[in-house]
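Consider the single chain below, provided in structure tokens and representing the form predicted on its own.
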Amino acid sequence: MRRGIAATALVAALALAATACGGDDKGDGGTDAGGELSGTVTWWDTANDAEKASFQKIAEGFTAKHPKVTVKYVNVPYGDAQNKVKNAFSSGSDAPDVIRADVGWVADFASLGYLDEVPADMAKKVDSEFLPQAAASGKYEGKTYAVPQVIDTLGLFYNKKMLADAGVQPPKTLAELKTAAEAIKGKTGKAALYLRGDDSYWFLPLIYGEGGDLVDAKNKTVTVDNEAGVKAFKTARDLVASGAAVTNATDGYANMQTAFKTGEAAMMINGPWAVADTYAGDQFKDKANLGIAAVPAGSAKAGAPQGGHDLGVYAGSKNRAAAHAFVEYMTSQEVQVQSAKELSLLPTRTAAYEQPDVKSSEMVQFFKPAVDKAVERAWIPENGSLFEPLKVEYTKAITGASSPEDAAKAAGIEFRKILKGWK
């Protein structure tokens, strides 16, 4: 995902060309002669298998409010989405009107001219009615380009029965986790923790736990390879080498979910998007058996990343009015409450947390305080591009293919190639 200067300029030029294709005759699009919303709005959604049916039904409900608008729902696998969206936007060919973007992608898409600014009245609502940390993810250079749909972070999922049988409590630190692992292994013969090793998002709690971060955006400094970064890579390797955790370098998410749902692992680190799928596992036919705790602390503190998804409108859309109205609908309090009730997803609208269906969701009530303490990532255009080289080095370190020191050094070198001029 790394871009050189020449490639960036070319993509930006293509994006601007695509935006200008319709010229003035495009107008805002999405309205008929009488000013009523009309036409087709194509939405590329990155929801997982457990979520997509609910989101498709909600999306298609927009037509009940606006009968002349047809919503075309397209589910795009999350792992393919960033590059697929970029390719569609840069060419202008078959591009969606609305995208569901990881919060780490928004600044990148906006910097390339791909996203239409959120209308002024809605932008004011984002600032006044949404969680401040969620609102921040949709901004670039002081302007709002996306509306927060859901917010999330990581927590420790645990099998209450397995931990009780082993006589241990949910570990509050990684040191406690290693001790608990011995008891769990001795009592059940199973692994304590499945730690995903093929996705660098799961590295973030480890580096935050050592008091570090990937970058210092304010001072334009790469920090992944400093002392805290090296400690984080060491921690990842130690968890696996000590037997406290198991991992897999390929298809880690599916393997992690399977191991936890079948009782092969007593714990995993995951987010609220995993709750619905986890309940489908044999171990959680009784939903009360699923426990959630804070991610165990490292040597410095406990820390988990702020995640989530925002909705943005393609700047080259011929249906901008309808597309922006669709985004407002999909991020409305009504829809967010429904998603919290059906999928345990966290709303981004502050007032939604006062609604009964949100208050009664045990999982939402756990994750909301965790989100309030989550570490905000650097909202820079290169944010998403950093994760690919980090994934490579994280996987090498956690599996023992590279030393922690070499992994940290290599990640730092790649980061500085991406972040031109950074120290």
Partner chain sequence: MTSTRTRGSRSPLASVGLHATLVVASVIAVFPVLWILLTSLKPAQHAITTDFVKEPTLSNYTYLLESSHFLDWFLNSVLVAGVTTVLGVFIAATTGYAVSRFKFPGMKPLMWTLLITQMFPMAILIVPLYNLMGQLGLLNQPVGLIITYLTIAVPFCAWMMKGFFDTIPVEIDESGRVDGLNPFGTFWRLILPLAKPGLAVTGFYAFITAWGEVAYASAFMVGDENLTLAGGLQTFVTQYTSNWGAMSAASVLIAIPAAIFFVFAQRHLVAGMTAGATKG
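For clarity, every value in this text was computed on a predicted model and none was experimentally measured. Positions refer to the first chain, counted from 1.
Below: the form predicted in complex with its partner chain, not depicted.
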{"property": "Listed residue that, although its partner chain is not shown, lies within 4.5 Å of it in the model of the complex (heavy atoms), from Phe62, Trp44, Phe367, Phe55", "result": "Trp44"}
{"property": "Listed residue that, although its partner chain is not shown, lies within 4.5 Å of it in the model of the complex (heavy atoms), from Lys84, Lys178, Lys160, Lys172", "result": "Lys84"}
{"property": "Stretch in contact in the model of the complex with its partner chain, which is absent here, among 128 to 136, 245 to 253, 283 to 291, 184 to 192 (heavy atoms within 4.5 Å)", "result": "245 to 253"}
{"property": "Contact test in the model of the complex: Asp49 vs its partner chain, heavy atoms, 4.5 Å", "result": "yes"}
{"property": "Contact test in the model of the complex: Ser90 vs its partner chain, heavy atoms, 4.5 Å", "result": "yes"}
{"property": "Proximity of Lys72 to its partner chain in the model of the complex, heavy atoms at 4.5 Å", "result": "yes"}
{"property": "Any non-hydrogen atom of Asn226 within 4.5 angstroms of its partner chain in the model of the complex", "result": "no"}
{"property": "Within 195 to 225, the residues that have a heavy atom no more than 4.5 Å from its partner chain in the model of the complex", "result": "Arg196, Asp198, Asp199, Trp202"}
